[in-house]
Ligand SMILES: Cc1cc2nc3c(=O)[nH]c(=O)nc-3n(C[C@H](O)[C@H](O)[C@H](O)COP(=O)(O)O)c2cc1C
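This document opens with one chain alone, in structure tokens, the form predicted alone.
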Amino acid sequence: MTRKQIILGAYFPGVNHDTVWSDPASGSHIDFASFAHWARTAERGKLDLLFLAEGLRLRDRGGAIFDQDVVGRPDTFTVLASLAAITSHIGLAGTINSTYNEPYELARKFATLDLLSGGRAAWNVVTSSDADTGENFRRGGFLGHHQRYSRARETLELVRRLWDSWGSDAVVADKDAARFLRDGDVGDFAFSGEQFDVSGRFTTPRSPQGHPVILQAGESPSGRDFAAAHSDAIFSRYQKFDEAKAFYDDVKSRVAKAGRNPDEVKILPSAAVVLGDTLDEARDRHAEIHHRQVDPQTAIVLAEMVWNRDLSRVDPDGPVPDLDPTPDAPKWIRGRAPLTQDAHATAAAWRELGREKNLSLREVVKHVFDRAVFVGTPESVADEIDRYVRDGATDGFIVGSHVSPSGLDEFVDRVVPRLVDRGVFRSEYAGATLRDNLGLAPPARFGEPRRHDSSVAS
């Protein structure tokens, strides 16, 4: 009996509380050599895709930039395009914001990445409510929750229309007949909606996948509905088995309600892996790594994201403070999505956790922000990854490490071979495109000759 195949990707985490960027084993988070090592390792392991997040603003604390969070991230498109040139099979997924980018440019860039990579591009569509990030853009942070998703829906619809504006047979490149295009009727489009009213001609020929793979990472009910209706895969933060299973079941039911086959949308939580030759060794390594991930200053900064006030005078090795959060005050941490919708409830929960388990503030923060899902021997980690997929909690994982870029090596060399031995992961790439390797059907118009629509503006 054929076992369900696991999807595996790798993310490059940048500088934040998930990493130990000051570890002697850590390389640059900026130099191309780091991205190249990471990509080549992932492809050596026959992973499905690389995943890059997006950073559009430096985060500051009380008006000053701080080192405990992202402090600079190269442009996602440029990095992925560079990696396309040194890899041959692995997918290239990038988070690009639909709030601050225009559909025409998004369509052109992703179609180009798909062309240059031979059909390996994927777009993680996100929205942003962050007015502080909006300061870097002409439109500013003016969009409310409903408007953001309205813009995202229209952006995606318009981008897909642009990708469909060239037929698969539009380029004939007949040198003998001196004829490059099948006809002059290519790339024309018109769109009128609440957010966009544009028409013209799209410049980029149809790419190998027709439509690059669409990823989404919605958390709210609106976000989940948007992802269920429009995405090919969902990047999830739900990692523990029970919460991952609940998210999986909820989103798959929303996919069905949207009139799609639930198998059309893959659910992919992020995951961190800590290995050891024995379970005790793995647990000791995890404890040491997590202790360094959440140092005293990082614990204070993460607590300030809940309290929204200066906690620099609070002892991180003392109890969770009895100070009240001030969620309505001007933001103390700027440029980061809020950690909670109810600061008072979250602060109360942290205090209760501290009292119940006799934990200091730093220990509570470590408990809350522990992202290591799989801690064990290579054999036990392979068992757990297989169990999550076999028992319907996920379709796979996007794997990260506390050390970049070499942290992925251990996973590829010690865990992936055990998944291959179980028959739940490939030993060679089977498909030519990312869609092929993910088992995704081609988009509706993929491969079809373009039909002229008289209602479309010329």
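All residue numbers refer to positions in the sequence shown, first residue = 1. Keep in mind it's a predicted model, so treat the numbers as computed, not measured.
Although not depicted, the form predicted in complex with the ligand is the subject of the following passage.
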* Asked: Using a 4.5 Å heavy atom cut-off, are 128, 218 and 223 all in contact with the ligand in the predicted bound form?
  -> yes
* To do: Could you work out which of 344, 357, 237, 201 is the residue within 4.5 angstroms of the ligand in the predicted bound form, going by heavy atoms?
  => 237
* Check each of 150, 112, 97, 377 and return the one that places a heavy atom within 4.5 angstroms of the ligand in the predicted bound form. => 97
* Within 4.5 Å of the ligand in the predicted bound form, counting heavy atoms only, one of 210-218, 174-182, 83-91, 250-258 shows up; tell me which. => 210-218
* Looking at the partner-bound form in the predicted bound form, is residue 54 within 4.5 Å of the ligand by any heavy atom? -> yes
* Interface membership of residue 145, the ligand in the predicted bound form, 4.5 Å heavy atom rule -> yes
